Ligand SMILES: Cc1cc2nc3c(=O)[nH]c(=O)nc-3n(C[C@H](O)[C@H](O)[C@H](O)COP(=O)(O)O)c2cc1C
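Take a look at this single chain, the form predicted alone, given in structure tokens.
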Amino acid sequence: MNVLVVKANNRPASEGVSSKMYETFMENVEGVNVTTYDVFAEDMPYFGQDLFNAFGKVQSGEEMTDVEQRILAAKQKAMDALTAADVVVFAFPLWNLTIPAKLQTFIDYVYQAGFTFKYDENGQLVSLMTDKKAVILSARGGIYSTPEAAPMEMAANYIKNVVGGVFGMEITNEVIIEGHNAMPAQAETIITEGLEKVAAVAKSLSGVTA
């Protein structure tokens, strides 16, 4: 089984809880082929006109600029990584109510008609990644699981809507660690219990055929 771990926090594990979730997952997963795609370590120009210019130049045969070459290569690398995976693990924080910009860029690279989804003859969306599974590992210092705050949470919800709703992956596990900044007296317990759940998810994947 091929497991792709999309790591989207470049803070050290001593400071970033989702970084510690990533480390805990990696320490406990065994018996599978694991690849990390670190969005902060990869060369990932932001999605925009440079990409569309590159597409045009591929068609016309014109020479591409450095950034156009880089963004085409980065997009292809992200798509190849996703194609090769049976299970995709997303490890990311909630930053300012949403996902880190680098993770957004990864999603932008792979969110492509004909690759992760298509439209049928009636204009209805058809998911193209239904053979893959996804795992959500996310941390947020505040509390967003209450009915009042839940609509503001646009990190885990966004990833689930994209990879589950549009791409069609089966989301098999979701571990959310929250409230450790809002309730510092309980932070150690909150984080420890969350990391135990992460370890359990990793062990459940170990040696299990997708």
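Here the structure is a predicted model, which means the values were calculated and not measured. Quick note: we count residues from 1 along the sequence shown, nothing fancier.
Keep in mind the form predicted together with the ligand is missing from the figure; the text below concerns it.
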Fill in the blank from the handout: Partner contact check in the predicted complex: of 121-129, 136-144, 69-77, 108-116, the stretch with a heavy atom within 4.5 Å of the ligand is 136-144
Exercise for the section: Find out whether any non-hydrogen atom of Thr24 is located within 4.5 angstroms of the ligand in the predicted complex, and reply yes or no. Expected result: no
Exercise for the section: Please run the contact check for Leu94 against the ligand in the predicted complex: heavy atoms, 4.5 angstroms, yes or no? Expected result: yes
Exercise for the section: Find out whether any non-hydrogen atom of His180 is located within 4.5 angstroms of the ligand in the predicted complex, and reply yes or no. Expected result: yes
Practice task
May I ask you to check whether Glu15 falls inside a 4.5 Å heavy atom distance of the ligand in the predicted complex?
Solution key: yes
